[in-house]
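Given as structure tokens, the chain that follows is alone and in the form predicted on its own.
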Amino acid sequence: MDTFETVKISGVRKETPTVNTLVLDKRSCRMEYGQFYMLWIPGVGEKPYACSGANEKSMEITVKHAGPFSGKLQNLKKGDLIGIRGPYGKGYFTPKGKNPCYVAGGLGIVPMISLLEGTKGKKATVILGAKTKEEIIFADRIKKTGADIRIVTDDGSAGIKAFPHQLLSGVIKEKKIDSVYCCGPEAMMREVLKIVSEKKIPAQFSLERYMKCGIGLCGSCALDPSGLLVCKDGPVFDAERIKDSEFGSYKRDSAGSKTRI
């Protein structure tokens, strides 16, 4: 197992009432689109996080307060230290097609934003979903790429009152979409999987599962019946690899027990 590198937090940016971006003093980050890092807080534990931005001087991790660990992350300030190891994952986003569509729910845009910015010459469409207007993130970054952005919210406070997958079929027809990238709540992604499978459109999905090790030892992120590991074989999978799996139906908790999604 790789050892942790201790890095300093050089800045904290408030994205929404529940989401912060930590700017880490980590230089020369080399990673493929969609790979992840393990972050460690001494005495608290470690969790996997996607990178939401990187350059020759720093990297950024965007965090939503969803539990004890993420709560501790959000309380960190400029000058604090944190442990980091990675990047991990053999599965990552690979650009395909001339008219891609990005389908993001909640923080699902985080692992895809660098791909979108790195391929901004393509005629991309982004379906960006959030629970409410206040929780929309990275809309300005998306607009700067020249992408056509379609905003949906659960409560209708911004854009259209809908879930991201409910716009997908119409966008595919309107924009002649020839590839789809997706990340967000697994139930939403399962609906996207059904649509792209029916229409035979190449699609890639970034999965989030409970991880203890991040390198394929613990098996906590396995997908039945194939045994694919999200941390080692993913976190990004082509639609064909997961369409006949438990994806969208079950997930595992910290004890390894299955719970219905």
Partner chain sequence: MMSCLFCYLLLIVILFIDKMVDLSASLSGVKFGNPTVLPAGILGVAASSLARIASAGAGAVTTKSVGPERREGHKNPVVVAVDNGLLNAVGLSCPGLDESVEELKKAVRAAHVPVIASFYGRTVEEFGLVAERISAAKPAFIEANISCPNIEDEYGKPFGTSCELAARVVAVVKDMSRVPLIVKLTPNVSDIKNIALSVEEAGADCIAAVNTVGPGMYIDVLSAKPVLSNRAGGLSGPAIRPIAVRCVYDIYEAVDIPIIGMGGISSGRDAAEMLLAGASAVGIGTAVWTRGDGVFKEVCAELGKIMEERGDRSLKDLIGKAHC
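Residue numbers count along the first chain shown, from 1. Quick caveat: nothing in here was measured; it's all calculated off a predicted structure.
Although it is not shown, the form predicted in complex with its partner chain is what the next lines describe.
From the list 212-220, 199-207, 29-37, 58-66, the contact stretch for its partner chain in the predicted complex under a 4.5 Å heavy atom rule is 212-220.
The putative spot formed by Ile160, Gly170 and Lys175 is not touched by its partner chain in the predicted complex; no residue has a non-hydrogen atom within 4.5 angstroms of it. Although the partner is absent here, Ala187 lies well away from its partner chain in the predicted complex, with no heavy atom inside 4.5 Å.
Residue contact with its partner chain in the predicted complex: Lys243 places no heavy atom within 4.5 Å of it.
Contact check for Arg85: a non-hydrogen atom falls within 4.5 Å of its partner chain in the predicted complex.
At the 4.5 Å threshold, heavy atoms of Asp25 stay clear of its partner chain in the predicted complex, well away from it.
Contacts with its partner chain in the predicted complex, taken as any heavy atom within 4.5 Å, map within 66-81 to Leu81 alone.
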